[in-house]
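Starting off, we have a lone chain in the form predicted on its own, written out as structure tokens.
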Amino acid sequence: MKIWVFALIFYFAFCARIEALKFHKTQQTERISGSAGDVLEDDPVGRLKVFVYELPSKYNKKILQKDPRCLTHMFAAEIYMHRFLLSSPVRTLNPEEADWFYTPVYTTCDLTPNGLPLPFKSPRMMRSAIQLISSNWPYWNRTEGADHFFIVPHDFGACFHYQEEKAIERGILKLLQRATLVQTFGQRNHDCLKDGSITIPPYAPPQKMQTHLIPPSTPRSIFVYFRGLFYDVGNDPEGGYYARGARASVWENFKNNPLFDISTEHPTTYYEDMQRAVFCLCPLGWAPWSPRLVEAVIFGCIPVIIADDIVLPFADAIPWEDIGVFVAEKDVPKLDTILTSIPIEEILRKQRLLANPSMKQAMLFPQPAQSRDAFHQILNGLARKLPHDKSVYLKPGEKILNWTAGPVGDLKPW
């Protein structure tokens, strides 16, 4: 048994090394075609104009000054998108010519000492910002937000809670029902994902990952790699609720399998190890998404996505079925069989696609911004929604949103 296992590892390492050397010499990759066409390389400039509301600093800059950790948190897209738009060529200072309106509110920049976000003030903060723009500008009122977009990178988006049951109970903030939500959370047929939302990758620090790159010719001698929690005893003492039991199943079934390099320990070589792995597990946690997905793509490790009904970032542009492996949560006990059954030719093709620079760039929020990065993919997504249908514009005096709907606590002043 052990001879077979190590022979398999050697086989994959050898083939990956040959392919890496060929790529290193030729710099050729396979073209990426999403369901919307070859859109990763689209340039949004000239296709839309965005007006950025100037809000009092208490909604953004002052919050960040209190806790600079928000700049490196996985929810930091709301901060960097604001900074990007302020100097972007798509920004217009004339709201009359704007296609979209953006309200810079840092609703996730409220962290515990351990760095976990506290979303409890977020609904009141968002309501306050909307009340402000609707009172000082006429543009919200003419559509009740249908031509506005908001960055809501919480675990469950604009449901503003980190526990799924309570997030579903809350539902999406009523005042955002007509707006376009740009969020990391994505799951089909879920109360916290509305039609027309743009699903984005979580923030992962580009500069930090760049410093951990190793030569592309390095053999991938690890078959399956994962570092993270399998149980969350503090928040799920009875087990089974966290990750819907999928992570626990990974551990129970494969903790002693030599093909699986899995642990709760997070080594200093974490990024380097991902670059030595063929497959990187990307299971759901409390929410279906995590930064591992970004890390896997950046480091060319085939993401094994274990999250039923997940909606992945920029799914209309990135061919996730071609670059990843999807495993149903119920099939986790068969992971070893599933992954060892994939033909080597298919693995090498996925690796070639992952090596495409456009693929990696689309997952990052670099500073400064670069063409084809996640900022531009968000703008591309907004541009593809234009022109707005005439039905989004309300008749004089017409009202659709209920400003008093929602939990009583959300109606208190912020």
Partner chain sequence: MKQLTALQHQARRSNSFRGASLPLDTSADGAIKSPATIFWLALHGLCCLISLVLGFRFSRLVFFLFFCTSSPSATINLYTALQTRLPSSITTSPPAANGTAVAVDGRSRVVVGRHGILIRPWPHPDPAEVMKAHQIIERVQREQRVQYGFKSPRTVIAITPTYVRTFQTLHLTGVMHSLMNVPYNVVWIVVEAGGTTNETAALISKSGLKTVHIGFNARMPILWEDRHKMESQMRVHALRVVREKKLDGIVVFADESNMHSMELFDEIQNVEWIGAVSVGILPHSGGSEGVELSAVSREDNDKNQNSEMPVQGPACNSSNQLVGWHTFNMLPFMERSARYVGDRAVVLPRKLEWAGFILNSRLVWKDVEDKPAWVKDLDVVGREGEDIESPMSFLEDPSAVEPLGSCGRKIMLWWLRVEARADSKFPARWIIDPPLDVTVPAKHTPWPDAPPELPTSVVKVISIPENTEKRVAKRSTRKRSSRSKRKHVPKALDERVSTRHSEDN
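Being a predicted model, the structure only gives us computed values, none of them experimental. Numbering follows the first chain given and starts at 1.
Not pictured, yet referred to below: the form predicted together with its partner chain.
Heavy atoms within 4.5 Å of its partner chain in the predicted complex map, among the stretches 165 to 173, 92 to 100, 133 to 141, 200 to 208, onto 165 to 173 alone. Scanning 298, 125, 248, 325 against its partner chain in the predicted complex with a 4.5 Å heavy atom cut-off leaves one residue, 248. Taking a 4.5 Å heavy atom cutoff to its partner chain in the predicted complex, the contact residue among 309, 261, 316, 232 is 309. The closest non-hydrogen atom of residue 351 lies within 4.5 Å of its partner chain in the predicted complex. In the predicted complex, none of the heavy atoms of residue 88 sits within 4.5 Å of a heavy atom of its partner chain.
Mapping the unseen interface onto this chain, residue 339 counts among the residues with a heavy atom inside 4.5 Å of its partner chain in the predicted complex. By the criterion of a heavy atom within 4.5 Å, residue 267 is excluded from the residues contacting its partner chain in the predicted complex.
For the stretch 241 to 261, the set of residues having any non-hydrogen atom within 4.5 angstroms of its partner chain in the predicted complex comprises 241, 244, 245, 248, 249, 252, 253, 254, 256, 257, 258, 259, in sequence order.
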